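Below, in structure tokens: the form predicted alone, a single chain.
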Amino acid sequence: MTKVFRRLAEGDLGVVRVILVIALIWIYFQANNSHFLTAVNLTNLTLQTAGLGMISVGVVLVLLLGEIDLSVGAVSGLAGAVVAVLNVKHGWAAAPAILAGIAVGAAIGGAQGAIFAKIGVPSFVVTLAGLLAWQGMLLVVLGKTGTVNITDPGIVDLANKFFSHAIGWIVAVGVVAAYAASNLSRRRRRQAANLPVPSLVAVAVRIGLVAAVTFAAILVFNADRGLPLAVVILLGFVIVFDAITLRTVWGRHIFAVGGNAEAARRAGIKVDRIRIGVFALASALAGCGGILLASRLLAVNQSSGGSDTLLLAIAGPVIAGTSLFGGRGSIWSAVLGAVVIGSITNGIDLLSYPSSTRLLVTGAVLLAAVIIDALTSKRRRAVGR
């Protein structure tokens, strides 16, 4: 038990800590409103967090570098506007319009990353300028109409399509099978390389927990309208980028640059190239998130990507354990953080609390997470890790 508490204090079991927080939040809101844990509300909760979670995936990549991108909210709104205007006003089909919106995001991120990496302007300043500029560009793209309503099924279905019960179960079985195969394969590779390996019991427990959560989620979705396409899209992106960051050379280079950029440079890593690529990907993912948000709302307007989108997209991963100091974190923190924030927002809305309460609670949770991050980083340095 002492070992568990020590690992929690050092941040090794951050996922456990976040899951406990989610459980406490859900217990509180369920105790005060019995509708909170119904299938309908939990499905709506996942739809509310899908777009924000997608933006947060890109934010995690930037945070792993030890940098910040303050433009992701504005970029998400601009990308959504580009898709809506091309589709509605210019008659583009859904697919090319969506690709154009993502390309706009990637181009913006690449340009900002180049200014940061090549010229040396701090990422905070570059992306703060982007925050202002891309909000202005959003108004230019929308023009005098202000609001563009989306009706094309190719865009609308992204956040409003639900799969049948049978397809939901097929997807669940596939996810669990893939997770089991991945864990067993990794264990065999480590064993073949004479590296320490977890016991089969530990692997079986992990697979069992993932299976339990996956099948429970499908039961909830099927009790409502079925598995949402938006959830499949988000989890697909998370799984892909989690594999990229953990199992590719490029991903390991991101952690190395975030941990110590100068040491990474001396080791032969192309630091500038890594930074530009990460910022381009982050903005492209922000564009994907903006398109999901536009699909869910069936429209884009002058406030798209504004309000607290940026703050929540950054707060989510930090709350879920991704370090602000770089070099430590997980892509899954984007999903877990979005669930924490979405649960707070959803529960407060159900209880009809004022908006001020939501902001105060979210701010308090974020501050607590940052304090924990700072303390765990300090403890890691103290023990020489």
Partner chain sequence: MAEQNEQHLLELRGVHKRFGAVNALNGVDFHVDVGHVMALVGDNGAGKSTLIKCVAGIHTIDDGEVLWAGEPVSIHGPKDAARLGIEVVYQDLALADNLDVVQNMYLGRELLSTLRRLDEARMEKRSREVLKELSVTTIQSVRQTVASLSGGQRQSVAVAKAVLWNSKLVILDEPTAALGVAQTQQVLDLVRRLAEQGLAVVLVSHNMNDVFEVADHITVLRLGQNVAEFTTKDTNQREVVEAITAGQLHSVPGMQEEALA
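Everything quoted here is computed from the prediction, not taken from an experiment. Numbering follows the first chain given and starts at 1.
Here the subject shifts to the form predicted in complex with its partner chain, a form of this protein not shown in this document.
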query	finding
Arg189, Ala263 and Arg266 all contacting its partner chain in the predicted bound form, non-hydrogen atom within 4.5 Å	yes
4.5 angstroms heavy atom contact with its partner chain in the predicted bound form for His165	no
Exercise: Arg247 in contact with its partner chain in the predicted bound form, heavy atom 4.5 Å	yes
Proximity of Gly306 to its partner chain in the predicted bound form, heavy atoms at 4.5 Å	no
Contact label in the predicted bound form: Leu195 to its partner chain, heavy atom within 4.5 Å	yes
Listed range touching its partner chain, judged in the predicted bound form by heavy atoms within 4.5 Å, from 132 to 140, 253 to 261, 283 to 291, 223 to 231	253 to 261
